[in-house]
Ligand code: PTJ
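Only one chain is shown below, in structure tokens, and it's the form predicted on its own.
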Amino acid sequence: MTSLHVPEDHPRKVSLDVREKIIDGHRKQVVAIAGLLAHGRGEAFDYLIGEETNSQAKAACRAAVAAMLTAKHPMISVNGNACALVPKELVALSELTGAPLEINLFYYRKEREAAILSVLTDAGAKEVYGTMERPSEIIPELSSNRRKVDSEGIAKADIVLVPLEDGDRTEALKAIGKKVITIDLNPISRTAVHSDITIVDNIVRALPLMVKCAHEMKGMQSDRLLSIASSFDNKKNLSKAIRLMMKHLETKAREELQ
């Protein structure tokens, strides 16, 4: 349970409720201290898009789901912040796309791994990869804790969803031939730029939308799904995302002058 009850009529209720989830995740050892800072940075970028999912993010969600549904070995990488914010949605997306969940942490502690595993299990996950007792391999391009990956998970994956990720591992995964999907509110981050598909949106909105898309798209013909995924241009996507941020700021500036 979170410690703060936000009144229903508070103008920042949604944002404060999400913030409390992150704080509660830290109390439960799911979220690292650095994760609190990362969440604050994300909130700032969320302001720039008006704290809503725009048409460009919706298109990216559809492309991401199409890519996952047509992959041979899709995987979903899970860190503390994602686990604290959208555990049920991670499990639902995993089941709908056939992409197993794998715990992968930069700030690794055995207690954190156990806490994240517990949250995912409580959310309905039947199997979680990346735990200490499972067979593992090393990504040689990385020197951080994230170099350790599950032998049956990210190591053999052809596409990896890495929500709230860091640029180092995105580049490393690309270097060893993986396709990368990410959810990143910062369209100019290394993660966003180096990924194949970047959803520039808040994970608390993007993951539920991806689950909805997966329900709708699961019955599509594979050639249609492949067309949706292959026609997505991430450079154009990021350029549009930046322009939408600028447009939102321009609109707010005009409103202030009135």
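Residues carry their position along the shown sequence, with the first being 1. Keep in mind that what you see is a predicted model, and the values were worked out from it rather than measured.
One more form of this protein should be noted, the form predicted in complex with this ligand, which is absent from this view; the next part is about it.
- Picking from 158 to 166, 134 to 142, 173 to 181, 117 to 125 the stretch near this ligand in the predicted bound form, with a 4.5 Å limit on heavy atoms, gives 158 to 166.
- Contact check for Pro87: every heavy atom lies farther than 4.5 Å from this ligand in the predicted bound form.
- Residue contact check for Ala34: one or more of its heavy atoms lie within 4.5 Å of this ligand in the predicted bound form.
- Of the heavy atoms in Thr53, none are within 4.5 Å of this ligand in the predicted bound form.
- Heavy atoms of Ala67 never reach within 4.5 Å of this ligand in the predicted bound form, leaving it off the interface.
- Within 4.5 Å of this ligand in the predicted bound form, a heavy atom is found for every one of Gly42, Asn79 and Ser189.
- Taking this ligand as it sits in the predicted bound form, the stretch 191 to 210 comes within 4.5 angstroms of it through a non-hydrogen atom at Asp201, Asn202, Ile203.
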